[in-house]
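Just one chain follows, in the form predicted alone, and it is written as structure tokens.
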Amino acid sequence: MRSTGFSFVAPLLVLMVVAFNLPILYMLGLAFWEKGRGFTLEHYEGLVEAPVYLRVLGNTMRIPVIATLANVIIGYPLAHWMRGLQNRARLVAIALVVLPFWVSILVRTYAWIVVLGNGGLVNRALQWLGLTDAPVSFLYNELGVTIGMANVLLPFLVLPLFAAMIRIDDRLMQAAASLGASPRTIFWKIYFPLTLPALAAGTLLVFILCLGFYVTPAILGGGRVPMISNLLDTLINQIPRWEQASAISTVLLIVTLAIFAAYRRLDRKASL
């Protein structure tokens, strides 16, 4: 029976190894190999010596942190508000949150140009209200990239949070209130700790997805806010320098794995 079961799994295992694992290993190997010279760390030394690479790495770390924090600030109250809705209103709210998944990221990104451009809806409203005399520069900078990334990834945080919140038994809060606990105490001592695992998982998911964004920084950044994905496109398709691109990809992979390992360690300690 075991051999029969393995025969069903073997084709999928082979596909995973050939289509996913081998390309990753080949990519990792390029960063440590130079034709005619063999093993080398020169490509990693180039990352440290060239200021442009450090600036791109800084952008790739800083912007996702800000976008993730913005998602937490917006997404947690939104998920909590959705939990308190009645059945029909809750379905409408869920549909509105899921709706962006049905629209292309490219279309949603270009839509922000209409909203935040110099002649866009926001700048027209600000000038009409007399709050500004000239258009505010929302686009082609870190602010525009952050807004676009936060908008695209907000459902990835709201939906897991909402799923965790609706599973919380209201009788827990009622029991705490009957014992004299204030609403603030009930929230911080009971409600928030129960939603913390989902919040942490959603935050980690949003941050990791931010690290690999390409379309949004390319369009809303206008080439002025380069991130690792945009740099990789240049190194692979324009220069090309595959070895340097492999070194940068390896650094990004290590950072992502380190963040995930730290999250798993904290989660394991919290569950003890």
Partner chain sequence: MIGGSPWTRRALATAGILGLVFLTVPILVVIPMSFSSAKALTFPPPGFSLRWYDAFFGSPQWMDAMWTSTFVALISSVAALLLGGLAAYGLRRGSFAGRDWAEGNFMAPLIVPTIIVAIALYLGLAKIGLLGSLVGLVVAHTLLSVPLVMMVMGVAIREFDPRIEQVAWSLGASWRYTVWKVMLPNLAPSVFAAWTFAFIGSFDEVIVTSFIAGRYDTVPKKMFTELILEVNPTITAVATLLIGLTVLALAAVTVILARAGKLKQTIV
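Positions refer to the first chain, counted from 1. Source: prediction; values computed, not measured.
Keep in mind the form predicted together with its partner chain is missing from the figure; the text below concerns it.
Contact check at 4.5 Å (heavy atoms) against its partner chain in the model of the complex: none of L161, P193 and A200 pass. In the model of the complex, N123 stays away from its partner chain, with no heavy atom inside 4.5 Å. A residue is said to contact a partner when one of its heavy atoms sits within 4.5 Å of a partner heavy atom; P77 meets this definition for its partner chain in the model of the complex. When contacts are judged by a 4.5 Å heavy atom cut-off, V56 does not count as touching its partner chain in the model of the complex.
Interface membership of W128, defined by any non-hydrogen atom within 4.5 Å of its partner chain in the model of the complex, is ruled out. Contact residues in stretch 210-228 (any heavy atom within 4.5 Å of its partner chain, taken in the model of the complex) are G212, Y214, V215, A218, I219.
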